[in-house]
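In structure tokens, one chain follows: the form predicted on its own.
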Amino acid sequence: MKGLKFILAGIVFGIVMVKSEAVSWYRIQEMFRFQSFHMYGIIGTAVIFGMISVFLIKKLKLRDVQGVQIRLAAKDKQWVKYAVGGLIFGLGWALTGACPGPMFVNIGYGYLAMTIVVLGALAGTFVYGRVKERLPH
């Protein structure tokens, strides 16, 4: 029962992703072809919501569920590693038609072929974990 709140959050997240059509391969293809504003609107809304949330966390000095004040670490100003990481992430997104959230939503939606993408993502995460100490960041 301890993880029930996370399961419920995942279900709500999945419903929002399906209802907004953010899990649609067609919508993602439209985005990468610059044919529709749909996905840019969803992503832009998420970015603005995140900015407002971070501002409120800092301004109101909010605390987590254990009562500890939330402290956000300052970002590293080196932009190259973010650009390279974003490029790799974007290529994977364009190739598979899904980023990490929609991968799991699509499996829940019944697209079992997406398990191949999830296995690939897990393999990539595993490899990154093994070599990250040798990478230049």
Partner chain sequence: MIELLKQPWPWYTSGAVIAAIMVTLLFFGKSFGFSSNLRTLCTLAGAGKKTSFFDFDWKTQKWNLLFLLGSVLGGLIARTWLQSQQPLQLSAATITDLNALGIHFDGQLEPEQLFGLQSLSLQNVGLMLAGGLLIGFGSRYAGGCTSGHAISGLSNLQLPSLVAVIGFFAGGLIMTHLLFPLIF
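What we label the rigid core is the largest C-alpha set whose atoms superpose within 1.5 Å from one form to the other. This one's a predicted model, so the numbers in the text were calculated from it and none came from an experiment. Residue numbers count along the first chain shown, from 1.
What follows is about the form predicted together with its partner chain, which we do not show.
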property	result
4.5 Å heavy atom contact, K59 to its partner chain in the model of the complex	no
Within 4.5 Å of its partner chain in the model of the complex: residues from 39-58 (heavy atom criterion)	Y40, G41, I42, T45, A46, V47, F49, G50, M51, S53, V54, I57, K58
L112: Cα shift of 2 Å or greater between this form and the one not shown (core-aligned)	no
S53 C-alpha moves between this form and the one not shown by 2 Å or more, core aligned	yes
Rigid-core frame, C-alpha of L62, shift of 2 angstroms or more between this form and the one not shown	yes
Distance trend in the model of the complex - C-alpha atoms of F49 and T125, change of 3 Å or more	farther
